[in-house]
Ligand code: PHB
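The chain that follows stands alone, in the form predicted alone, written as structure tokens.
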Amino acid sequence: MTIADIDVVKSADVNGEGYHEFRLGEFTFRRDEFFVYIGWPTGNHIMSADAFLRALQRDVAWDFFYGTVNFDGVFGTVNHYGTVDIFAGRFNDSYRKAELDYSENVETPRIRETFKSILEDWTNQTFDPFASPHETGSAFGLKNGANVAAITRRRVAARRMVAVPGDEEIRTDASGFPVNRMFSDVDQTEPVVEAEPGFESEVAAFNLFAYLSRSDVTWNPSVVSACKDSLFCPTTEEYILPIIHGNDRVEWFVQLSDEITWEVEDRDTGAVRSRVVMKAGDVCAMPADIRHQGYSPKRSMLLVWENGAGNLPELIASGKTPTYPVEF
């Protein structure tokens, strides 16, 4: 699918702000200096431009991720791994009761290219939606260039493990990124591996803390090791997770440093389930029937352990697999 195949409506720019308007099915998207306006046949919604762009960046970079990506309490997407639902009010009791909710299912390439086009058009040259607020400029104001380099970062995904032959190129520190301002005390010493002859391509190690200390993005889990469907996806977190993630499988969280507070809600209704405060060394599991959003007052390191099996959503939805990881 090419950009020419996308139903893009360019605004008349009556306010002289320079941003294009977009349409995807019955959804319309437009922005001005401060806000994004989303419309659908039964309603409309407004979001701050910076919050929308931070959420959109993750949705695009993660290729719609596992399960539901809620931009906020109203708008978001659900990944069906080939198609994607784009919705408004679907997981909001008030919208459903008022019959304002709406959803469309679209092919993944179509929504991917549309969202990429919105992200490129609406991200000004001074703003990096992947960065923490302290590390980027403003998302607001009139149209002012673009920041293609920032919004097209490649998500790191090791085939086996960082430092194993074939995966060396994904080393963050090998790309020349400096140690982040918040991780200046992290030991950068790399382990020494002395493999027996013939096992040089099978035995490897790397300093995960040093690796993460050089990450130039926040809230972007990258695969550093893969053993069949078992994926270790660490990330650095600062400020607020830009999306509210609705699980379609269990996720394990291991807090590697500092602290994150998680607000946990029912996936379908948004009803409050719990608040989880994780400090360094803590481990918790997020069930497959919740949605969660994290708050990190200081840049922290988090290891997310994912089961990437493609049949999990169906097994959980059918009741063949429980929504929780262990029964005590």
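A residue's number is simply how far along the shown sequence it sits, counting from 1. Computed from a prediction, not measured in an experiment: that's the story for all the values here.
Just so it is clear, the following notes concern the form predicted in complex with the named molecule, a form of the same protein that is not shown.
Remark: of stretches 70 to 78, 216 to 224, 97 to 105, 117 to 125, the one touching the named molecule in the predicted complex is 216 to 224 (heavy atom within 4.5 Å). Checked against the named molecule in the predicted complex, the residues F253, F87, F183, F232 give one hit for a heavy atom within 4.5 Å, which is F253. Proximity to the named molecule in the predicted complex, defined as a heavy atom within 4.5 Å, holds among I38, A49, L302, A61 only for L302. Under a 4.5 angstroms non-hydrogen atom cutoff, the named molecule in the predicted complex has L241 among its neighbouring residues.
In the predicted complex, no heavy atom of R267 sits within 4.5 Å of the named molecule. Contact check for R30: no non-hydrogen atom falls within 4.5 Å of the named molecule in the predicted complex. Of the heavy atoms in H245, some are within 4.5 Å of the named molecule in the predicted complex. Taking the named molecule as it sits in the predicted complex, the stretch 260 to 299 comes within 4.5 angstroms of it through a non-hydrogen atom at W262, H292.
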